[in-house]
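A single chain comes next, written as structure tokens; it is the form predicted on its own.
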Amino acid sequence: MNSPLRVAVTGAAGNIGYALLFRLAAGDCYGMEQPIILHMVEIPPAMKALEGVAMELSDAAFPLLHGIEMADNPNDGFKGVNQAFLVGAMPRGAGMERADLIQANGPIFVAQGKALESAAAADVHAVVVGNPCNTNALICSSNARGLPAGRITAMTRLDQNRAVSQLANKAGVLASDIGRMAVYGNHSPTMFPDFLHATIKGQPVADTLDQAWLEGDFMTTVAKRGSAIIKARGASSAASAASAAIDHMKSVWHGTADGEWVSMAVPSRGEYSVPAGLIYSYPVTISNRAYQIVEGIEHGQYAQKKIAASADELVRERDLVADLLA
């Protein structure tokens, strides 16, 4: 068995964190030969609840869980960590605009970026889950410039998973029959789930499913799925978000299969005419825990407009937090 991996989870007593921790401890992310030490990070008022979570994790007697550490700040919580799930953030409340949420959560990720740079292990990889995750990842990475570029990414795997689910349900196939379903852009309604290059059992989606449905109900459902879940259950996505975070880091850890790609928001270098420096979701392949953006995909006018619109939104968000970028 390997030496334990130190894995940090912020917002660990929250709904997503709670759903995430038990799957990490069970080996769902790193495999059954990789023990972990969990670093659970919360804000001071939530530490009592976090103690209860630690009790439950202990009571579950997970063989792979070799230790639990708790902290009420990222400087202590990130000491020596190899992997970090940055989940904790203020949720969007009633009457809040997206700009309000960006400005409320930005300072959280300033502190976390600085703590990752100063306290985490040299090989640390972090995924930002707390919304708006693309711009929060931009803030975080800007304040952790000592880390190699691309070590802090943002999660759009939930959007990919939602798109896969919709395609599979419509086609009457399994989710595993859907391939190359990539999401471009921001984790917001402007994102572009690229059905034009996705496949069903190896065949183009557009050859199987109606184009009007793909450009209409499919796009709308994926973009507004989070709101639909809130309306249905009275709370935002938790288990599905935690599952997508596991998928994201599992791909980083184990790599992608030959001929397949996954969605991940990473620093743009100008690919597909997206302004350099934005944290933008692309299709990527991963090997040896390093990603490569899939380049050379041909996009028609419809896709180009979608890709550009999401980039424009991220530029506006970047301008809102300019004072937080180091």
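Note that the structure is predicted; figures quoted are calculated from it, not measured. Numbers for residues come from their place in the sequence shown, where the first is 1.
Not on display, but discussed next: the form predicted in complex with a small molecule.
_Since the partner isn't included here, can you check whether the small molecule sits close to all of T10, Q112 and S236 in the predicted bound form (heavy atom within 4.5 Å for each)?_
Each of the three qualifies.
*Heavy atom within 4.5 Å of the small molecule in the predicted bound form: which of I43, A60, A290, A26 fits that? Just give me the one.*
By the 4.5 Å criterion, the partner-contacting residue is I43.
*Of the options A241, L214, V164, V124, which one has a non-hydrogen atom that comes within 4.5 Å of the small molecule in the predicted bound form?*
For this set of options, the contacting one is A241.
*asked:* I'd like to know whether M90 contacts the small molecule in the predicted bound form, with contact meaning heavy atoms within 4.5 angstroms.
replied: The answer is yes: M90 has a heavy atom within 4.5 Å of the small molecule.
*Could you confirm whether A198 comes within 4.5 Å of the small molecule in the predicted bound form, counting heavy atoms only?*
No, no contact at 4.5 Å.
*Verify the contact flag for L209: yes if a non-hydrogen atom of it lies within 4.5 Å of a non-hydrogen atom of the small molecule in the predicted bound form, no if not.*
No, L209 is distant from the partner.
*asked:* Test of understanding: in the predicted bound form, would N131 fall inside 4.5 Å of the small molecule by heavy atoms?
replied: Yes, N131 lies within 4.5 Å of the small molecule in the predicted bound form.
*Residues in which of 246-254, 214-222, 174-182, 104-112 have heavy atoms within 4.5 Å of the small molecule in the predicted bound form?*
So the stretch in question is 104-112.
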